[in-house]
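Shown below, as structure tokens, is a lone chain in the form predicted on its own; questions about how it binds or moves come after it.
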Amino acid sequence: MAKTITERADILPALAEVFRAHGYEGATLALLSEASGLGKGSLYHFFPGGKEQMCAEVLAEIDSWFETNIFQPLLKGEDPEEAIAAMIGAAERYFKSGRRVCLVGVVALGAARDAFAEPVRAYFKRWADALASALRRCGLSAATARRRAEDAMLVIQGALVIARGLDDPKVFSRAMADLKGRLLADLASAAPA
């Protein structure tokens, strides 16, 4: 039976899980309707642009969460080492300790990548830029900070894939536990005297 929903934002988490599980290409209107509890007509009422609008709004919601919980704390946190530790904790919670795949990564790898190229690129770039900024404030050179930020993206995304592939979320948890040490290694020698 169809639910009564008054806000689009109330539907986005259910839609996100369908896109995570099936990718953009496999997320049929029937699956999206079932997950949201809304009939197809109601879905089109909320999203006249169809599945593409649904995915775009889900990606915007993800971006908003990361802006608030990861990007801004990294950019503006008074203690950059604490901000980096908080980023790792927030990412572990968001990705449910490796049990939730990265929807932005799913879209980036799928056939619909070009349709969502800008939000996908912006998500990864803004995360790497914010992390590099925090690492620079820890005393690392621009080149080292950039390399470590990119390596962190590789660790996070790779650990999500491997955890999923092995059906072992502990892989992700171990990678996240090691990430702080890898990011902040040798800071004493990097800090200005």
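Computed from a predicted structure; not experimentally measured. Residue numbers here begin at 1 and follow the sequence given.
What comes next is about the form predicted in complex with another copy of the chain, which is not displayed.
In the predicted complex, segment of 153 to 161, 52 to 60, 32 to 40, 134 to 142 with a heavy atom within 4.5 Å of another copy of the chain: Flagged stretch: 153 to 161.
Interface residue in the predicted complex among 106, 75, 115, 90, criterion: non-hydrogen atom within 4.5 angstroms of another copy of the chain: Contact with another copy of the chain in the predicted complex is made by 106 alone.
4.5 Å heavy atom contact, residue 44 to another copy of the chain in the predicted complex: So residue 44 does not count as contacting another copy of the chain.
is_contact(residue 175, another copy of the chain) in the predicted complex, heavy atom dist at most 4.5 Å: Yes, residue 175 is a contact residue.
Contact flag, residue 22 vs another copy of the chain in the predicted complex, heavy atom cut 4.5 Å: Residue 22: contacts another copy of the chain in the predicted complex.
Residue contact check: residue 14 to another copy of the chain in the predicted complex, 4.5 Å heavy atom: Residue 14: no, not in contact with another copy of the chain in the predicted complex.
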